[in-house]
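To begin, one chain is listed below as structure tokens, in the form predicted alone.
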């Protein structure tokens, strides 16, 4: 079992965390799939990945229920993280009820890491943490963390709650998307643990032909799988913890094997240098919006502002963050057709509603202006 010190807490935590997205909701899920997810979580803990990350937003709390079932008889040995999202209208009673509901679903008396799921510039965090601090003092919460906060937002949060220690930030970090992670590693704004979600780029692992070729060579060199090489690269960063979706027992075993893989400094640097994510600005009308089989994307500005799907954060709130903090949040797109002067694109299927949020946030923040996009390709 490989462990790392969790930021500046002094706590030793499993180097790889088990992710819990995609389980469906209580009203709509496959019982067999959920059963397999429980087995996978339990297997992962048995293999040394005793760090589980979930959220109250995942399946409207259903993910927490599944984790609670998986933790039976194993809770004492698990570092458990969950998240909640406070909106600007939340009050003390709602914060208390939300936390107590998570504890009940997780079938536990304490949460090792309680995280703010998304930044919201309208929230009074001083009041939020005034309530949460009482639970930390009682032992129901042991540490506070944040998710998806940019360095600018993290700095602002620290100023608003100077007496509260934030020990971690969960952000996307993988071979294709290194921008935010590198910003934290290169700055002194935050010295806590970094939790890397989508460490395998949602199964794609790489983001370019160059990376695909490189990781194939390294997999052969180390007698490992491409996924294991990608995870070992992330594990080489002292304070970054990859959070990998525990979907099947086969994948769990493969991911656990990455903890035994040590890459040379030269190969680590080669992987770090291989990122070639291109960001350009394009006309909004050149982008084809896409949703999922269950939900259509917002097609009008009015619909995006109303936010009937309750996307979190809403496009309007995200636009306020973009303006307030000068955020650079390119939309992930795939090139459809065109030439060097005129291209057409569609939203990447990689978390399409996250791209929908960003698309409309840019439209709200800068009406009539080009939108920054990251042009990707699909590689297996």
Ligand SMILES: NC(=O)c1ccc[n+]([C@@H]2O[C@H](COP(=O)([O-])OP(=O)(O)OC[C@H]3O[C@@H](n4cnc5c(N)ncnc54)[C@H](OP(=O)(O)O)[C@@H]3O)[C@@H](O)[C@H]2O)c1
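Source: prediction; values computed, not measured. Positions refer to the first chain, counted from 1.
Keep in mind that the form predicted together with the ligand is not shown, yet the notes after this line are about it.
The ligand in the predicted bound form comes within 4.5 Å of no heavy atom belonging to residue 211. By the criterion of a heavy atom within 4.5 Å, residue 229 is excluded from the residues contacting the ligand in the predicted bound form.
By the criterion of a heavy atom within 4.5 Å, residue 216 is excluded from the residues contacting the ligand in the predicted bound form. Interface residue remark: residue 114 is not counted as part of the site for the ligand in the predicted bound form, having no heavy atom within 4.5 Å. Here the chain stands by itself, but in the predicted bound form one stretch of 278-286, 193-201, 149-157, 87-95, 193-201, has heavy atoms within 4.5 Å of the ligand.
This chain is drawn without the ligand; in the predicted bound form, the residue among 126, 303, 220, 254 with a heavy atom within 4.5 Å of it is 254. Only one of 243, 206, 106, 132 lies close to the ligand in the predicted bound form, with a heavy atom inside 4.5 Å, and it is 243. Contacts with the ligand in the predicted bound form, taken as any heavy atom within 4.5 Å, map within 41-75 to 53, 58.
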